[in-house]
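The chain below stands alone, shown as structure tokens; this is the form predicted alone.
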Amino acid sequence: MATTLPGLIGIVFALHLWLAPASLAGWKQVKKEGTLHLATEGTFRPFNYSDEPGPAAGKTLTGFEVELANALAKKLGLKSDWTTRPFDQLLTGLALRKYDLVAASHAITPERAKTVEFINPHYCTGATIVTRAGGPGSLKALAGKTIGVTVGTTYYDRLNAMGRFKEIKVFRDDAEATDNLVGSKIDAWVTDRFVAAAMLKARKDAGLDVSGVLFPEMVAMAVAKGDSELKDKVNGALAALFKDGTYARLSERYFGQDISCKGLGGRRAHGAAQGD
């Protein structure tokens, strides 16, 4: 389809708005403004989600990470201002300082750490295999099979490097991956253990099974590279939330257990997580 000159001008202008750095500039600016600008995906139950589509989602966000980040802002004496973006665009927007802090279940990886500063981990988790009842519930059993992952997660690269699968399909979100699994278009879906648990609860009649943890991950919020002062302030606030019981209350309410790295043996998981 041909693009007219006005159309090209519009595209260039839109790209300029996205690529031009915003005025956000670390802790001094945050403190001066009194607002912590936060970003998340908004479709990752039970961590960050909204029942409202589009721009309205930022005003109705909830979930474990959203409540935890709001508590961090409050501990720092700041208001919270949320925006939502597709998962695979979040860290790019952070590098361009479109917001101050991303809270979207990013696993800590060496590659990501090259472009952002990770806060201390706020939970530990791991990848698991979801199949139809009686399906291939181990990596060995998945050899030669078609598996699915969600866009932006660390799982594609790790699984692709194994070279044992017929095909790895990438889906735009967890709901699409689940629909393809239930519809027998893939043999298994590799996803976060908590996402899998929530999906099984939501779709009890789908006849799905879940394996144990394949490889562990440490998960953290992030600030822009070089924002060491903001990073230190957020780390201090997070430590305070662990100490005063806020973290424990949120973890118990959403998961019925302690999902911190201490609670899930995160010290043992650390080495493996760095390679995910």
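From a predicted model like this one, the values you see are computed outputs, not experimental measurements. Numbers follow the displayed sequence, beginning with 1.
The same protein also has a form predicted together with arginine (ARG), omitted here; what follows describes it.
- prompt: Each of F44, F87 and T154 near arginine (ARG) in the model of the complex, meaning some heavy atom within 4.5 Å?
  reply: Contact check passed for all of F44, F87 and T154.
- prompt: Is A107 close to arginine (ARG) in the model of the complex, meaning a heavy atom pair under 4.5 Å apart or at it?
  reply: Taking the distances in the model of the complex, the answer for A107 is yes, it comes within 4.5 Å of arginine (ARG).
- request: Spell out, yes or no, whether the shortest heavy atom distance between K75 and arginine (ARG) in the model of the complex is within 4.5 Å.
  value: It does not: once arginine (ARG) is placed as it appears in the model of the complex, K75 has no heavy atom within 4.5 Å of it.
field: Touches arginine (ARG) in the model of the complex: R97 (any heavy atom, 4.5 Å)
entry: R97 lies outside the contact set for arginine (ARG).
query: Going by a heavy atom distance of 4.5 Å, is R112 a contact of arginine (ARG) in the model of the complex?
result: Taking the distances in the model of the complex, the answer for R112 is yes, it comes within 4.5 Å of arginine (ARG).
task: Go through 176-184, 133-141, 75-83, 98-106 and give me the stretch that gets within 4.5 Å of arginine (ARG) in the model of the complex, heavy atoms only.
output: Looking at the partner contacts, the answer comes out as 98-106.
field: Neighbours of arginine (ARG) in the model of the complex among 189-222 [non-hydrogen atom within 4.5 angstroms]
entry: Only a single residue, E217, comes within 4.5 Å of the partner.
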